[in-house]
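The chain that follows stands alone, in the form predicted on its own, written as structure tokens.
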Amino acid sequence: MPMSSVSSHPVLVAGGGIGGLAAALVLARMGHGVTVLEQAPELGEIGAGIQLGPNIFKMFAYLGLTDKINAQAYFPPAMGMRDVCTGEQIVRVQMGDAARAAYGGFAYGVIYRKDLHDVLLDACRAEAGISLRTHAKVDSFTQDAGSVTVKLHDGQTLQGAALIGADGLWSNIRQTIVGDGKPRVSGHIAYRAVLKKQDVPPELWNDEVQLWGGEKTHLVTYPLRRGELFNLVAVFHSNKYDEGWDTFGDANELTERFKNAHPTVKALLGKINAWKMWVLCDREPVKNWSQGRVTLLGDAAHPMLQYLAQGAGQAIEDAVVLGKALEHSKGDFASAFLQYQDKRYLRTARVQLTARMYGDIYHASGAARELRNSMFQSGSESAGFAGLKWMYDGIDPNTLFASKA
């Protein structure tokens, strides 16, 4: 990008999570100064494991981060689903080389959320044009034809060339642009825990991504950090509601919800002393999440339930597309943000709505459960990993804005 198109003001990024750091990295490499504003006392991530589909590894390759990610990730040989009560195998799909062959050489892996965040944070710290600020919560913004001014929670004001709201599910910036109030509460509660490998009995260890699905409940397990850790995620329907990601769960409620589970599932749950709990929420898809020199990214733009494991990946795709849109618009932020959302809203809406559907599939009972098992066991393109090819094929950043002959 020619330097004449780069503003003397930095681009302000509200939120120092995975999406915000990815956006900062993309913009800094284009020559823009970037200030990341993180409301927490330090830059970091909470949560446990993240599944990384081939579409996300495609973005890592574009960003030059593949080797750093590979050094931290774990690559399961297969992924499968069993009935949480009977242990019946519903579907099992080979990963590894089979996934790479199906998706242009790009892998399917899993990674500790903190490790992914650290890779992006280290890359940002290596860029001279990026300033990282903590204790910096964006409360509001105003803009004119040439800049954006943000007001922080402590009363400070900052001026920027543009503002990217990567401030998550409860985004303040979204409320000014979209104004749709509180997120949609799904009624599903997720409990996460991570064990060291030595604390998992050999008979309970599984090298694969394993989902145990049942009526209004499921459990997912897989190794993390090159196989040194074991990630467990238990999900069930509940009326309990407590905002936030970092709340300790009620072990008695968890035990009650899984009282009819297979002995292996009960044994896994019994190995956990403390579970972190959060309520699963999303929002209705929207077509517009930009206003002049301000736009949204990641969960602020299109929060999704975790059933397709795409939240972080779609945020990284957002960052790459935003950069390509800014390049295509020759630095015109308002134009770029409209082009960016135009390239993203249908894909992200499809992920949002499909994730809801997969939540119903995982938690099916009665005839719906029988239909699920029949579909998944058939090996047809309509269900399972193969049925998500549209998502895992990903995007090609270099052709997004290519002119048509």
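The first residue of the sequence shown is number 1, and the count goes up from there. Source: prediction; values computed, not measured.
What comes next is about the form predicted together with a small molecule, which does not appear here.
- Of the candidate stretches 160 to 168, 321 to 329, 124 to 132, 286 to 294, only 160 to 168 contains residues with a heavy atom within 4.5 Å of the small molecule in the predicted complex.
- Screening R113, R92, K276, R225 for any heavy atom within 4.5 Å of the small molecule in the predicted complex leaves a single hit, R113.
- The candidate spot formed by L37, I50 and N172 lies fully in contact with the small molecule in the predicted complex, as each residue has a heavy atom within 4.5 Å of it.
- The shortest heavy atom separation between S147 and the small molecule in the predicted complex exceeds 4.5 Å.
- The small molecule is not drawn, but in the predicted complex it has no heavy atom within 4.5 Å of E317.
- With a 4.5 Å cutoff on heavy atoms, G311 counts as touching the small molecule in the predicted complex.
- Among residues of the shown chain, Q306 is one whose heavy atoms approach the small molecule to within 4.5 Å in the predicted complex.
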